[in-house]
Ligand code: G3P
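In the form predicted on its own, a lone chain appears below as C-alpha cells.
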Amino acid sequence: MKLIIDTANVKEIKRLCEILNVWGVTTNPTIISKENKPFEEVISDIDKVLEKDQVLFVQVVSTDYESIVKEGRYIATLRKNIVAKIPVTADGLKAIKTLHKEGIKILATAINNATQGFVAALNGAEYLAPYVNRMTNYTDGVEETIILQQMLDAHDLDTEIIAASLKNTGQVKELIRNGIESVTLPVDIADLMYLNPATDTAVEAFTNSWYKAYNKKTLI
C-alpha cells in the first residue's frame, strides 16, 4: 500500500512525512499556484524535504500535443525520482504514447471513467489517477475505480492506480479493502486517517491515572 500526499505545501509535506510512511507527493497546477511562489521555487522546496526514494508528481499545463510533450520532457529533468502528470484528453493520450517511448514515467490524470484509465494504460502510462469523488456525480466513483483495477488485472497490465479526488476516509477504506494499492490524499484527509478524539481521551485518562499515582507525567 502506497500513501501519497496531495499538496505542494512544504510545511505540511514535512510534517506528514514525520508522522506517516509517505511514498510520494502529487501536485497539479491548482495546488502549486496556491503557494504563491514561482513554479521552480515550489519544486525546489519540495525536493529539499523529500527523500531520494520518495516520488514527486508534477503536471503539465499546456493542452496541445506538442507543448504537452515539451513540458513532459522538462518535468523529467527536475529531479531524479519524478513523474509527469498528463490529463487523458486526446492530445494527452497521444503525448503519453510519445513520452512513454522516450522512457519518461507518466501518471495519466483527470480520469473520470474506467475506459479512460484503461486506454491510458495501453498507451504506456505507469500510473492512473481516477478522480473518485468527482466521478460520484455521475456514477459510484469507488466502484468505477475497482472496475478499472479489474480491467487491468484481466489483461495483465501492471499499470498502477493512484486513487485521487478523495473526500472522506470511508472512500479510502473501501478502496484499500478492495485491493487498490495507492491513494493520494489531501492534507485534511491524511490527518483523519490517524486522528481520533477517542484516542486523545484515552491517552489523557492514562496520563491522569499515572500522575495521581506517581505525581509525574512521564515513565522515567
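Keep in mind it's a predicted model, so treat the numbers as computed, not measured. Quick note: we count residues from 1 along the sequence shown, nothing fancier.
In what follows, reference is made to the form predicted in complex with the ligand, a form of this protein that is not presented.
Inset, instruction - Quick one: from Asn28, Gln171, Ser182, Thr159, grab the residue that has a heavy atom within 4.5 Å of the ligand in the predicted bound form. - result: Spelling it out, the residue with a heavy atom inside the cut-off is Asn28.
Inset, instruction - Would you mind picking the one in Lys94, Arg134, Arg79, His100 that has a heavy atom within 4.5 Å of the ligand in the predicted bound form? - result: Flagged contact: Arg134.
Legend entry - Heavy atom contact within 4.5 Å of the ligand in the predicted bound form, the stretch among 64 to 72, 28 to 36, 149 to 157, 44 to 52: Selected stretch: 28 to 36.
Legend entry - Non-hydrogen atom contact Ala190 with the ligand in the predicted bound form at 4.5 angstroms: Although the ligand is absent here, Ala190 would stay clear of it in the predicted bound form, with no heavy atoms inside 4.5 Å.
Legend entry - Contact test in the predicted bound form: Ala164 vs the ligand, heavy atoms, 4.5 Å: Result yes; Ala164 sits at the interface with the ligand in the predicted bound form.
Legend entry - in the predicted bound form: members of 65 to 90 within 4.5 Å of the ligand, any heavy atom: The stretch 65 to 90, when checked against the ligand in the predicted bound form, contributes only Lys85 at the 4.5 Å heavy-atom cut-off.
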